[in-house]
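What follows is a pair of forms of the same protein chain, given separately as C-alpha cells and numbered structure 1 and structure 2.
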Structure 1
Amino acid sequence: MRTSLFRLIVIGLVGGASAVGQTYTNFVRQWQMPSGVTWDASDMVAATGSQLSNLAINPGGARFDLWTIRSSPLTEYLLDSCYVSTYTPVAQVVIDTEDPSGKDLTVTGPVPANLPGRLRRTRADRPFTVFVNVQGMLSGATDPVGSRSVNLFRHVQSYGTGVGVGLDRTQAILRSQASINANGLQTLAYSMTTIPGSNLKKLRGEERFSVFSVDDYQSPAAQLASQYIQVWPVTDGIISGITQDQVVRFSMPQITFTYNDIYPGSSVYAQVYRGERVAGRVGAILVGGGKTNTGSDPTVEVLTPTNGVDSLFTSDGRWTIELMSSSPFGVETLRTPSDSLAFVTFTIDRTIEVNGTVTTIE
C-alpha cells in the first residue's frame, strides 16, 4: 500500500452557492477507492487555501467531493469533485470566454485562470476556448493502463426556459469524447455553443468539459478535472407605441421598449437620431429607455420613458429610434424576435399650415 500523500486544494468554498439570508455549511469528503471508506475532511481545510490530506490514499486512489449544504430547506450542492491516485495523471481544464466576469485578470501566461467559486459565461452566438493541460502521464509498456492515457468529454445541457437551478447533470448530452495519450497543453477553440434547441438565438444552458481517468483494475474511471460555462441567449427588443413611417403631428405618442433576455452585466438602451436609419450611427440616449442587468441571469425589461421624450425631437423631419445593447461582446443594434433590426423611423410634422385668401373690394 502506498502512503504518499497528495495535495488537497479547496478554494472558494462559499462563493458559489451563498445567498443573502441563507446558511450554507461546507463539507469535504475523501472517498477511498475501491474500499469505499469515507472520511470527513471538512475541518482539515480553511474556507480558502490548500492542505495535505492526512489520510493516505490506497493504490486505487481517492475521490474528493466538495459540497455545500443549505440548512433550510435542507438542500445539497456539489461544488466540485476530483479524483487522485498514486499514478493517474493530473489534469486541468480552464474555459475562457470574451466575457471577463469570473476571470482572474491577474494571471498571465498561456493558460488563463478563473476566480474561485465564480462561473464563466458567454452568449449563444459567441466563441469560447478550452484549455486542457495533462501532466504526469507515463508511457512505458509496463506502466499501469490508468497512467498512460485519459479521456476528455464534452457535455452540453439545455436549461430550457430556466436558469439551471436544480439541474440534473446526469441528463447532459455527451457531445464528443477523445483520448489524450501525451502530456501537454491542448487548446480547443469553439466558434459557438452546440447546446440543443430549435431557436439558436435563445439557447440557454451549459457546456462542460471533463477529463476522466481510464478504467483499470484498481478503480473505475473517475473525474480528474472539470469545468463548465453558462451560455445565455441573445438579447432582442421590440418598440411599440409608434410604427414605421408614422407621422407625428404634435406630441410624441407613448412609446414602450421591451427587452428580452438582457445578458448579465450588459446594458440596453434606445438611441435617437435625425434621418433614416444608418448602420453604425451613434445617436442620443433616450432617458428612461434603458437598463443595466447587474444580476447573474438574463432579465426581461419593459420600459416606458415619460419625461423629456418630446424635447429630443427638436425639429420637423424624419427621425429614427433604435434599440441597442452594450455588452462584453460590443455595442450592437438589437434585433426583434422576428429577426428584423429593432428600430423605427417616423416623421415629425408640427408645422401648422394655414390656407387663406385675402380679397379686397373697391
Structure 2
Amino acid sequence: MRTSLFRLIVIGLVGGASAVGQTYTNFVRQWQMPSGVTWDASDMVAATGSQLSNLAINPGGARFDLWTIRSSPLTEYLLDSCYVSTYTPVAQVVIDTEDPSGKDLTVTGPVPANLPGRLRRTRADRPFTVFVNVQGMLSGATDPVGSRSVNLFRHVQSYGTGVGVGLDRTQAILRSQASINANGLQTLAYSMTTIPGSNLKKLRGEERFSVFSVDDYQSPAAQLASQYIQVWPVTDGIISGITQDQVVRFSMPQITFTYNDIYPGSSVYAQVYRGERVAGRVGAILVGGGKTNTGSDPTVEVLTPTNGVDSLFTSDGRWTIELMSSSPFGVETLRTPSDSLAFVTFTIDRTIEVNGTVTTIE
C-alpha cells in the first residue's frame, strides 16, 4: 500500500522540459520524516512515468521533491514537492499568467494545468493568478493537529541584474503567510509582483507559493506543494543617430536601435510612417531594425540597419520612426529608460533651391 501510494504521486510529479538551445535534467529526492534521511530516487527522470519508493514510508511520512536542472545557464529549480503520511492533507498549487509559455493548453476547467517541468513566467508590470487547492483536511476536535490546517507561504527573491544562476533560495524574503483551515479551491489574484527593487519596471526574480503541513508530534512541518513564477523586466528602447525635429537634407544618417531586456518569446522592431506620431498606427517595418528573442531569458540587442533605409522615405515632409514590441501582452510602443515614448519625428527636405540672376544686354 505504501509503495502504491508513492507510485500514484510520482505520476503527477515527474516531468521534463525543453527550450531552444537548452536541456533539462530532472531527478526525484525522497526525505524520510522525522529522521531526515534522504535518498535520490533517480538522477534521470523521464518526462512521464512512475516508480516505486526505494524506502518504506514511516509513520512520520516522507517528502518527495522533484528537481530540474537547466543546462544553459546552469540553474536548478525545485519544481514540485509532495508529502505523504497517514493523515496529512493533500495540496496543489498552480500559477497562471498571461504568457502561455509552459501552460498545457489542452486542459480546460476552473484550474489550469502547466506542462511538466516548465516554469511559468510573466512581466514585472503584469498580473498573475495563483490557485491553491487543499483536500483531505479533517475538522474533528480530536483529529491530529497536522490534519486540521495547512500554511500558505509567499516568498520573493530578486535576481539583481542577472538571470538567477547560482541563486541561494534559502535567502528568499517571506512576503506573507496564511493559515488554511478548510478544504477547497482558493483563487488568489495579484496585480503585479512584489519582488524588492527601486525601479518597478526593471524587477527580475521569482516568486514562490508553497503549502506546508503543520508541525505535530510525529513529524515537523513539511512542504505539501509549491510552484515558482519567474518575473522579467519590461523591455525599453533607444533611437540614436537622429533627434526629434531634426531636418534631414539628403540621405538618412546612420541610425542605431538599442533594445534592453527583450522579453522571452517576444519581438521588437522599428516601424516608419509619414507624419506625426499617432498611437496605434501601423507603419512599414525597417529591415534590420528588429529582433526576436527565442530564448528563456531577457536579451539586449544593438542594431544598426545599413540597407534600404532611404528607400522607406519616399517623399519630403514629416516622418516618424517608432520602436515597437510584440509579446504575449500585446503590441506596444516601447518606452525609453527615462520612461518617455521611444519614437522620433523629423523632417525630410531634399528640395534643392538655386538662387541666381539673369542679365541681358540690349
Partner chain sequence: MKTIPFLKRSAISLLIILSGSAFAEPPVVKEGLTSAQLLLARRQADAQDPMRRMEASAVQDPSVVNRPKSLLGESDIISFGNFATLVPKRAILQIPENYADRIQMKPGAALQSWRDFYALNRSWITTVEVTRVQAEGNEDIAAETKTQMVKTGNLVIATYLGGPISVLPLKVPVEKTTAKMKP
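Nothing here was measured: the structure is a model prediction, and the numbers come from that model. By convention here, residues take numbers in order along the sequence of structure 1, the first being 1. We call the rigid core whatever largest set of C-alpha positions still superposes within 1.5 Å between the two forms.
- The chain appears twice here, and it is structure 2 that represents the form predicted alone.
- If you fit the rigid core between structure 1 and structure 2, you'll see the Cα of residue 81 move by 2 angstroms or more.
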